[in-house]
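As a starting point, one isolated chain is supplied in structure tokens, in the form predicted on its own.
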Amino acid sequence: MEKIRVLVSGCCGRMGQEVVKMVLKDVQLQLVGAVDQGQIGKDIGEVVGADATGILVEGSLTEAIANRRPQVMVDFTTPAAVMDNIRTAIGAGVHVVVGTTGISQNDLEEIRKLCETHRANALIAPNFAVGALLMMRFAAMAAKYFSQVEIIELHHDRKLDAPSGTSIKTAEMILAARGEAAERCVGEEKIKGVRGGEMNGVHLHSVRLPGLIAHQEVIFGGEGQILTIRHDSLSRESFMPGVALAVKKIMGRPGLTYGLEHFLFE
């Protein structure tokens, strides 16, 4: 079986390094390129603590795609860089798997059009952990039976955006399952913002602390009862089976897909 040629954008970041290690170990995948704005010129194997690979970190995504000819780009960079990376890759006919958060609805529509124009496929996934996808799915199921819900997401203190993409996606799934806005709680905020952000009646709360990785609670309240659905990623390795699945399936999934659950549950 011919291996899938993979380029990792953001290869020196914490998630990028895990992706590199996963690709190097997977017999169905071949790492052909590594792009980052740090550690340019270093062997990516040495960067991630593995044996030398002969693949050097490059600073230009455009040049790396032209020279390395990847079939799939995996992007874990920053909200400020991700859309330019997606435009570059899809414009070159490269399929993309994106875990970088901060992508808006307007961005998704642009990506959809890019896929149609250049006949490349894209997966935008707020979360790659199977347990997190099940948490969101269970929350959507529970939403039909509880009138009020709040979401608390907790991440490491270096996360650049809030609320998390996972919490936004969860709120979207809850609202879609209900077909209407959540019932709003009454009361006055004595300190502005203490009730968190609000998305059509769903309150979202963001916690940023060192020692955390990625965690989320969805708390439903009903008459005389509380239902809590929680997921914890205790290491970044928890995301890698989902990333590997996405890389292997993206070429057969035309256009834009928003959420890894479409690869798991359909």
Ligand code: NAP
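Everything numeric in this text was worked out from a predicted model, so none of it was measured. The numbering used is simple: start at 1 and walk along the sequence shown.
Just so it is clear, the following notes concern the form predicted in complex with this ligand, a form of the same protein that is not shown.
Within 4.5 Å, heavy atoms only, which of Met15, Met22, Ile250, Leu256 is in contact with this ligand in the predicted complex? By the 4.5 Å criterion, the partner-contacting residue is Met15.
Any of the heavy atoms of Gly41 lying within 4.5 Å of this ligand in the predicted complex? Gly41: no, not in contact with this ligand in the predicted complex.
Is there any non-hydrogen atom of Asp107 lying within 4.5 Å of this ligand in the predicted complex? Judged by the heavy-atom cut-off of 4.5 Å, Asp107 is well away from this ligand in the predicted complex.
Can you tell me if Val35 lies within 4.5 angstroms of this ligand in the predicted complex, counting non-hydrogen atoms only? Yes.
Looking at the partner-bound form in the predicted complex, is Ala125 within 4.5 Å of this ligand by any heavy atom? Ala125 belongs to the contact set for this ligand.
Could you tell me which stretch in 159 to 167, 109 to 117, 87 to 95, 134 to 142 has residues with non-hydrogen atoms within 4.5 Å of this ligand in the predicted complex? Flagged stretch: 159 to 167.
If we check this ligand in the predicted complex, which of the residues in 86 to 103 reach within 4.5 angstroms of it by a non-hydrogen atom? The stretch touches the partner through Gly99, Thr100, Thr101.
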